[in-house]
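Next up: a single chain in structure tokens, the form predicted on its own.
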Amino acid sequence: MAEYVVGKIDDIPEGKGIAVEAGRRTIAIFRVAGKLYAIANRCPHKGASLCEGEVVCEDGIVRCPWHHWNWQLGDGKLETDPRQGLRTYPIAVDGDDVVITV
């Protein structure tokens, strides 16, 4: 496993997502109610960029911008069918750096 510094904490707006590169992966980072989440940025349904999705509640759900599938940020599970899921990544803050482990 490798750690990547992917930005500064102030680069991630509350209630929104951004896409970052960590090695060869594109990862969506979200800040919801002060907590950070890191998930695969690509919706497995049709490939939409999830960082462009809407955060729909403080419980940490992002809605796919194309077909409105709701993904839980904490565990990557699809809200309506927990058998489907996205990869999640450990994320931490070191000083003001955001660090992802992949």
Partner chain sequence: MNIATNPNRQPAKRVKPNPIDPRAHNYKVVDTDFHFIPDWEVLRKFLKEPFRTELTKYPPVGGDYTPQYAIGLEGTGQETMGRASTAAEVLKVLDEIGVESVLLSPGFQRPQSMFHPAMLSAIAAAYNDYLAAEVLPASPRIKAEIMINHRDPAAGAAEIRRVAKHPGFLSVYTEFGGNYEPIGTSRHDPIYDAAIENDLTVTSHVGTFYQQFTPLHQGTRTWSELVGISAVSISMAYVGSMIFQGLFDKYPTLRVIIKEGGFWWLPEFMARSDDYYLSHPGDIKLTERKLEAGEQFLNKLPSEYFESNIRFSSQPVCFPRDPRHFKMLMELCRGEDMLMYSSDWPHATFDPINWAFDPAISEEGRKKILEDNARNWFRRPF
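Numbering follows the first chain given and starts at 1. Every value quoted in this text rests on a predicted model; they were computed, and no experiment measured them.
Although it is not shown, the form predicted together with its partner chain is what the next lines describe.
- Looking at E21, you'd find a heavy atom of it within 4.5 angstroms of its partner chain in the predicted bound form.
- Interface membership of E14, defined by any non-hydrogen atom within 4.5 Å of its partner chain in the predicted bound form, is ruled out.
- Its partner chain in the predicted bound form is not approached by G34, whose heavy atoms all lie more than 4.5 angstroms from it.
- Proximity of E52 to its partner chain in the predicted bound form: non-hydrogen atoms within 4.5 Å are present.
- Contacts with its partner chain in the predicted bound form, taken as any heavy atom within 4.5 Å, map within 30 to 49 to N41, K46, G47, A48, S49.
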